[in-house]
Structure formats: structure tokens, C-alpha cells
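Below sits a lone chain in C-alpha cells, taken as the form predicted on its own.
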Amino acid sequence: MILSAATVCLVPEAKAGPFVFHGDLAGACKECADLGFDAVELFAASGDQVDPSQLRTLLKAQDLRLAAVGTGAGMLLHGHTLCAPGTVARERARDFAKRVIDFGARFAAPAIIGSMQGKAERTQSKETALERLTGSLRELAEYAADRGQKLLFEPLNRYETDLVRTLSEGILLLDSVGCDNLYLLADLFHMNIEEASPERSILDAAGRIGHVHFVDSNRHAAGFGHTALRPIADALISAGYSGYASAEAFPLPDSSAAARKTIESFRQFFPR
């Protein structure tokens, strides 16, 4: 079954970012519950920002789950990347991600590695950067596996990374890492830029996708752009995808409208 989720950002420095809700975790959870979402996806400043017992109480009160937890604040706030040239820098990045994995494990929610994959740029060759990224991901995937968790890796578009941009490149990376608890996150915004056929890429990645960012071409809520969502939804269903379709979308025209449009589109394309 495909489940619905909406993103909640608790990082003030990311107030311009593509998250449906910002700041008010309790209010976001209540609105998500009222609209009929199954879960929330959390973007926090660290693995220690949110008190687990308080979050558990909040989720239980609203009959919600935690879909996933982001690690992007490691890059945004501290410049951490998993392909950094320096050994100490990579270790710090992995330590940050491990704390997020620990937090998510309390809720059976996988951590997402997106912007922390980093870039090769001019500091190293792409091949060297990928080798370093592969080693870091292997350590993190094994760490997550020890806690009974999946780890999610998100290919990004060309404006955000020069490493892994498509699902097919993501599969090659997963194969190099060699950990069966490492899955891809298919973000429809990035795919709109990089994939020749998002639906074909999804079918080719059947069994390797562990999470979906359900968002439109302009990174607005699904249905507020020009992405052909029906063939993508059909491809996910045909591929046997069973996980979350989570709205990592701008809160435009506002959070409530973005959330409402997301759940409307979700019900249209993923009927129960």
C-alpha cells in the first residue's frame, strides 16, 4: 500500500526550503491528521533537536506515523558531506547522519541522504568523490541495519550535485555499496529535470525504491505544476512500490493549500 505524508521543517535557516510546514510541529501534525495524511516527514536541525517521547505522544494523539527523517541540515548548517576530501570531515558527516539514524530508528523511520552526498566540483575527481561517497554510505547502511532500519539515498538534479542524478545512477551506487537495506528515494522534482521518462525509470528501478517525494515539476504541491502524474503513479503501482508518497513541496500559496492539494492528488492517483 502507498501511504501519504507531508514534510515538516524545524530548521529556521531552511525557511525558504521546499517543506509544506515550517516551525510548528504540533500544528502541522494536527492539520495533517485533519486532512487524512498517514504520516509526517521530519527535517530537523539534528538527531537531538526533537524529544522522542514528546514526538511519540504527539504522533499517537493524532494517529500519525513518522515516515522518514532528513539529514540535509548537516549540509545546510555545518557543510557536512559524505564525499568530503578530508578523512576527519567525512567522519564528522557520518557521525551527524548516525545521530539522525538513531532518532529515526525509535520510530521505524529511515534517514534520508540527499544533499549530504555532496559534490566533486574542483576539489577532487568525480571517481574519487564517488568512491568516498560509497564508503560513507556503506558504513551508514551497516549502522542502520544494526538498528533494523533502511537507509534512503536521494539522487539530486544537476544544479545540486555533480555525482548521482538519476535512478539508474543511483542503482549503480547501491550496487557498489552492496547493502540490501539501502534504497533509493525517487523525488519527482529532481526526476522532472534529469529523467527522460520518469515512469520508465521507476519501472526499471522496481524493488529498489524505498521512498517517494510526491511533488510537481515546479516543486509545488502535486497538481500545481505540469508533471503528468497519472503515468508516474501507475508506474509506481506496477513496480510494486509500497511506501510513502511524501510531499516535499513549497508551502505555496500557503501551507494549508499545499497540504490540501497534495492529499487531493494523492487520493486521485493512489486510491485505497
Ligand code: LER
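All values reported here derive from a predicted model rather than from experimental measurement. The numbering used is simple: start at 1 and walk along the sequence shown.
In what follows, reference is made to the form predicted together with ligand LER, a form of this protein that is not presented.
Only one of 105, 120, 174, 156 lies close to ligand LER in the predicted complex, with a heavy atom inside 4.5 Å, and it is 156. Contact with ligand LER in the predicted complex, judged by any heavy atom within 4.5 Å, is made by just one of 169, 160, 95, 131: 160.
Screening 108 to 116, 86 to 94, 137 to 145, 123 to 131 for residues having heavy atoms within 4.5 Å of ligand LER in the predicted complex returns a single hit, 108 to 116.
Proximity of residue 220 to ligand LER in the predicted complex falls outside the 4.5 Å heavy atom cutoff.
Put simply, residue 80 is far from ligand LER in the predicted complex: not one heavy atom of it is within 4.5 Å. For the stretch 176 to 192, the set of residues having any non-hydrogen atom within 4.5 angstroms of ligand LER in the predicted complex comprises 187, 190, in sequence order.
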